[in-house]
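Here you'll find one protein chain in two forms, each presented separately as structure tokens under the names structure 1 and structure 2.
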Structure 1
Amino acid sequence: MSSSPITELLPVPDEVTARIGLIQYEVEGSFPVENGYVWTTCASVENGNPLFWNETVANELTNGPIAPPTMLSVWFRPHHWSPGRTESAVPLQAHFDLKDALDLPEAIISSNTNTFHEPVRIGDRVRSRQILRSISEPKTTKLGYGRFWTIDVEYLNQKDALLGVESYTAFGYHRLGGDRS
């Protein structure tokens, strides 16, 4: 099989440009918001905020237990495996779609803006939807040669209240000196 060094990127296909601004992958999380993950997450960063550990404090301040705001994305990530599935599900599918469509094999999240609205409550069923906002011109960074893109993920609860928005900026790239085989 022949290979050649990457010197330029493929143009952005029209069907990819057409996705900008469209709602994609509107799905409900595979389980309700639950305290086990809240405590595991707090433990992972040694977060002792009594709002998440002390029910009396939670009742006083938030009218019952809530999840840490930065856990928004936890509630939409698919299980690594579930019955009947033969391939791994990926959480930010619009992101992986772009990697494939733009022929950019590697990608890294470079920046992230999270806006927090209604508190996420234990027992909530969280629904998410993904919206591609932009794709950049070709760029070169120390990681490689590729494009930046921004995807918003909006989160809503079972009452359609907006819980928050996560805006991810990613860099999809070929490693410098890499080949397109």
Structure 2
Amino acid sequence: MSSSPITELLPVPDEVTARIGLIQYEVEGSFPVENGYVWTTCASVENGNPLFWNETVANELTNGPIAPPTMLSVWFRPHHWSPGRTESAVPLQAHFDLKDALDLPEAIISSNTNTFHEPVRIGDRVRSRQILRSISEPKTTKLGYGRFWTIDVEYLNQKDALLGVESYTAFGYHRLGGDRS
């Protein structure tokens, strides 16, 4: 096959644009929120905030123990292995689906924002769901030629309370001067 630079992208398939705004990959975490993970995480970064270590302080400030907000995504991250699973689980599956569907072999996360709502409490069962928000027109950057897309990951507890939203903007691309062979 000859090597020719990528100068245009295929149109976004209708089945891909149909996913915009739809909930995908709703997954419940495989274990409840528990103090062992909270304490191990806090210890690993030397976070001595008594809110996470002292039940009396937690009761006074937040009506009971909570997990650090920065741990929001911990509760749904799949373990590398679990009994009965036949395929590896990956976080942000909607992102990898877009790379395949749009024939964009390379991708980076160009921005990530977190919005926190209700606190994550010890004993919560956290589930996540992915929502494709947008796909851009073709763009050229220093990395290559491709498209940006935004995916929100919403986190809810067992009572359907919104715990937070992580919003990822990614750039899927072909390297400049690359080919499709």
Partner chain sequence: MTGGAVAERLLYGDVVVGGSLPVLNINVTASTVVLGALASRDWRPMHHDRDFAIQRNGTRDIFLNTPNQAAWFERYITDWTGPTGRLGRMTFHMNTPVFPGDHMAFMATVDGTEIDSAGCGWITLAVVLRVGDVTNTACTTRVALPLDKDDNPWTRRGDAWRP
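Residue numbering: sequential along structure 1, first residue numbered 1. If you're wondering where the values come from, they're calculated on a predicted model, not measured in any experiment. Here, rigid core means the biggest group of C-alpha atoms that superpose within 1.5 Å across both forms.
As summarised for this chain, the first structure is the form predicted together with its partner chain, and the second is not.
Once you line up the core between the two structures, the Cα of E118 stays within less than 2 Å of where it was. Once both forms are overlaid on the rigid core, the distance between the two CA positions of P65 between the two structures is 2 angstroms or more. Once both forms are fitted on their rigid core, the CA atom of F52 lies 2 Å or more apart between the two structures.
In the core-aligned comparison between the two structures, the Cα atom of T40 sits 4.1 Å away from its counterpart. Once the core of the two forms is superposed, the Cα of G84 has moved 3.9 Å between the two structures.
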